[in-house]
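A single chain, nothing else alongside it, follows as structure tokens in the form predicted alone.
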């Protein structure tokens, strides 16, 4: 029996790269401090008015071209993001309209950084049930609106001046989160592989709302009336709150356990896996997972240094780079693994 496989990929990031030294102009940090803790050297940020559907449409065009098909061949859209263009509607319908295919069903999913393993299982189910034949899967996030500074012209190296002390202190207060995230989009075109034992093999997925407070936005939700208040904004409750050290430990423990269990379920040896494509949240997390699973370094590539954490886009961006550079090829067995807010986590096996 075959499953969905990847027939085209694309990626897009906005504007010019923002190096660590640029962040050091608006808060107390340094290139060395950031690299030591995260492995990140630079990231990209969208401009005001630029949303995930704008980034996603560029990645989608690239993926469609790679697959050698037209947008009109797409009969289902899955859009993964935690930073939609609007609170509602979702960004999937906006993407479809911008691609010139209004009317195609578009589903938004909210597993944050863990979206891709979930999306592969969902896409495979849609194809196997004959609800779809050609699926456009897009993961995109724009985190710029979360950033704790207002001096964007300084961050973008468009101005040189001293930052006000209160603004500097505010940004520094949130630097543990602010240094991690970047903006970007990735797209994949999925179809049934039509090759026995090819394509999607299986996924193991989990969620645990008991640990929601490890990474969440404390304000601007419908537990409050109104759902956005001046007091919440003044208290920076629109900025995510993260329990970094505890999140790292949970990620290493849960991801290594999940990968082992998934391989055992499907009778796959870890040695048979050609490439482990992990969510790019923090280089320290991925190195710890690699060590826990005894994965050779060359089998778990990383690109977080150049992009930062683009949440739902990280796995797709890395997959596109690996395909275009010839580092993953037809017939390769891939393991995708990720953990994100929720908490959600999981792993998926797919043979190209």
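Positions refer to the first chain, counted from 1. Because the structure is predicted, anything quoted here is derived from the model rather than measured.
The same protein also exists as the form predicted in complex with ligand COA; that form is not shown, yet it is the one meant from here on.
- Only one segment in the set 32-40, 49-57, 294-302, 315-323 has any non-hydrogen atom within 4.5 angstroms of ligand COA in the predicted bound form, and it is 32-40.
- Think of it this way: in the predicted bound form, ligand COA has a heavy atom of just one of 232, 273, 242, 155 within 4.5 Å, and the residue is 242.
- None of 247, 205, 147, 99 but one reaches within 4.5 angstroms of ligand COA in the predicted bound form through a heavy atom, and that residue is 247.
- Looking at residue 340, you'd find a heavy atom of it within 4.5 angstroms of ligand COA in the predicted bound form.
- Contact check for residue 286: every heavy atom lies farther than 4.5 Å from ligand COA in the predicted bound form.
- In the predicted bound form, ligand COA lies within 4.5 Å of some heavy atom of residue 175.
- Ligand COA in the predicted bound form is not approached by residue 186, whose heavy atoms all lie more than 4.5 angstroms from it.
- The three residues 113, 179 and 282 all sit with a heavy atom within 4.5 Å of ligand COA in the predicted bound form.
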